[in-house]
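Each of the two blocks below gives one form of the same protein chain as structure tokens; they are labelled structure 1 and structure 2.
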Structure 1
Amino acid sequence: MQQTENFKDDEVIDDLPLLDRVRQLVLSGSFSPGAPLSEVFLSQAFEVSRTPIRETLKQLQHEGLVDIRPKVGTFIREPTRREIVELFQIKESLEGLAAGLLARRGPVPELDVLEHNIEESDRATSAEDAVRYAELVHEFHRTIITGADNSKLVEHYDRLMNQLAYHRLVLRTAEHPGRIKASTSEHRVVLSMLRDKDSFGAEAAMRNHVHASAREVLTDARTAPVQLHT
């Protein structure tokens, strides 16, 4: 999972580097949604032949990031607003599950990591460092996911977030100060539940938090208001 660092730029361990690089290109926003990604272009861009590029594109299609129209071409896929709502619903469920599982694990080092994360978040907020804050939020959620000690959950979560990644990049530019305060406060509630080993409480708190943040993101994105559910 973290082998994106140690490879010699030429001799690749698996095809993961290429897959990651192409994915990064897609998610980087360098190309507008709907832009064509021809195999020949990518092959000379990454200096490989069309074959590995093709395999990579198939993977990305399976991840929902690109749209392969047979005999026509591959295009960057923009998730519809509806799909984003759907993905957030799943996100809420999975993160709730993770929080519940983590609560059951008792006193694990992850809790201290979360504690530290919250402190850092306060610091970033005081310093008005929005970038750092966004990083910390991401780490907070990811720590809970990985802390659930469920490898398959991590896989599904990663898939989910990949599909949301493009949109997140577009959206998370500015966040209201009020929301930041509320969000950190919700993090605190989650951690409190985790420390109490309150599985149901942790799940509920986490779901509530994700729900609120999703609502914020969705309403903030475009003017069209959205009902996440009810």
Structure 2
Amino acid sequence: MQQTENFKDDEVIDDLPLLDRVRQLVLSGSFSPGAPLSEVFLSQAFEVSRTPIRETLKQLQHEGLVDIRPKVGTFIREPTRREIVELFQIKESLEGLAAGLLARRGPVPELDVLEHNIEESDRATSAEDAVRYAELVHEFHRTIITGADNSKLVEHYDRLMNQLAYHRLVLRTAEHPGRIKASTSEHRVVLSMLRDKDSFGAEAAMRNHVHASAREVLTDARTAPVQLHT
């Protein structure tokens, strides 16, 4: 199998475990959904034998990130439309909860991080830099999750985001006219509620933002259709 996607060795963080490094590569957006993921390519890129690569791919299949087809190969998997709907429902609940918990903590350093994030998002919006904006979206949501100060919440959230392949979805919706600007405005409302220590308002604002993001994803023509099982 020939690997056709572009990949640079300097995109790899060498001090991470192999599983995390391959997972990061799969989620980075370097590969299109359905693209082949060659064991030979991965073993050469990460300078390991094919045996640990094979075990890593089995774990990623368990996580729903790749499809392994016997005697055919391994391919990047994209969630079905139904899976995206269900995962966003859980995302809305988890992030709403996190925002409410963060609001109760008062003036913590995370609020300044979010303020700076929004300022950077405004600059990315002005520059129409979708890639930079996608990075800032990840930082904003991650800061709220970690700011909730609940380790079990973080644990469940990480698995959810991996299954959703969220970075790819953000890159898509950032191309929608007006979405970056609207999203930044939604972030600003969330931060306002957090600074006011309004836990109910923060949770509601965060839920509304995630719901709006879900609508953008589901209206994108590239979102995978529901798979019917017979």
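Numbering for residues begins at 1 and runs along the sequence of structure 1. Everything numeric in this text was worked out from a predicted model, so none of it was measured. C-alpha atoms forming the largest set that superposes within 1.5 Å between two forms make up the rigid core.
- Between the two isolated copies of the chain, the form predicted alone corresponds to structure 2.
- C-alpha superpositions between structure 1 and structure 2 give a turn of 29 degrees for the smaller rigid part relative to the larger.
- Taking the core as reference, the Cα of Val72 moves 11.5 angstrom between structure 1 and structure 2.
- On a core-based overlay, Thr51 has a Cα shift of 7.3 Å between structure 1 and structure 2.
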